[in-house]
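Next up: the same protein chain in two forms, each one alone, written as structure tokens (structure 1, then structure 2).
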Structure 1
């Protein structure tokens, strides 16, 4: 990817569990790697303190993500690829230069453990100058699950982290506690939305208005409206000129709110941004993927 702060975000990989190795945090605390990642959705990057080219860009990227996340139970991790030189104190100073919040930590592993850690993320060990500009996503169970191409946009990273970290694919409540999936799809569920600065009432923002009464999709002129039926959401498919992606319940719900899809590609500006809660969105998801 070009270095511009925009474009594609995360693409899924086969989940890989992180090794249970020791790490040192920027404040000198000694932890186990799996302990660091348990319970929080995390974006990971690889840096080293003396880097004067790519690493300032990576630090600036995480600074933007850090500010965009607000009060969310997520975290950012910057691993040094030069553990022999980068002490905890040096990592602390590096973080401070980017005004990092407590959610953003610097970590170092022992030099002997670094090649194995890099291999988990598909990276080769070598001189520090060879490190990647990609960002990697670790889920709340401590599994590496997705990665970007080089230097993604801050909005794409923040959108991926905002997915409900603890139970992104939890089963929905029983239909009847909130509106049914069909009610939500047809705009009878009370979900507000907006297009740009214009707020829409639920009927005006109904899914069926653009995607068709059965979610079959369609289009008008140059506007293409995708299908929402059956496996249209869950099948690995190239969308809007981006890399192939497949939605989970969590990424689907995050996309409805943010207007950024599962791999960080922006929706059409005509697509409303929905103010939908997790429970209602879970029921809509089940309707679209199972209930039509």
Structure 2
């Protein structure tokens, strides 16, 4: 069974490649932004050293994430939004105050490049006081792919980073590329989901994790996980004590999004809700009803 992750989780965005600008790292090294982000999955936050309200929260968040990540090939980046004042040395001290490991970098771009960088992450530039508590995810090919809407929990950030570190095939589908039915069924389609108020990443919410590798259904303890085989979905059957019903593509897709079945009976809270678009859902439906 997939485990729910606490805190505010990540939602996917249309992937954007980071600009190829110069950056200075906290140790004074001058690097290209793209080389810093190449090859590792990275969580990004915006801070500035003199900030007393939000930044201690952001710093202690990354401190927890840093500890939780253990030996994984992942990175944390704190960009200063006050490059005029925050030198590499100041960033180094700030990092040190959170006992940051080498995976956690402080980065500074030139003031002229800052608005462009912020715009990639959907942030307006302005006085450094007005910066965000959101955390942003950049994949191992240097593309911004997901964000939280507010300050997330450390577990959610660590989980989002780990997905790609341990499961290289769990990347959200590339733009313009449509995931196959099997990919969607096995959690490689980039479809986000939630259980209650906990957000699940696509891999954790894979259908096959609960419904079985062939959609055969099963259960754990008292929980019954129904079969998703085409015949089971399209056959007129009483479900959850309601009147007999059969799924069509439309009611199936509506149920995945709403958590309510074809005759209006609510699913058990264990069945996640999916943010799946019509096109992907049609492909998944085809796969379940014709593909196996």
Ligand code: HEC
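For clarity, a rigid core is taken as the largest C-alpha set superposing within 1.5 Å between two forms. Numbering follows the first chain given and starts at 1. This one's a predicted model, so the numbers in the text were calculated from it and none came from an experiment.
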{"item": "Pair member that is the form predicted in complex with heme C", "value": "2"}
{"item": "Did residue 261 shift 2 Å or more between structure 1 and structure 2, C-alpha, core superposed", "value": "yes"}
{"item": "Cα displacement of residue 241 between structure 1 and structure 2 reaching 2 Å, rigid core superposed", "value": "yes"}
{"item": "Rigid-core frame, C-alpha of residue 231, shift of 2 angstroms or more between structure 1 and structure 2", "value": "yes"}
{"item": "Rigid core superposed, the C-alpha shift at residue 270 between structure 1 and structure 2 in Å", "value": "7.8"}
{"item": "Per-residue Cα shift, residue 201, between structure 1 and structure 2 [Å; core superposed]", "value": "25.1"}
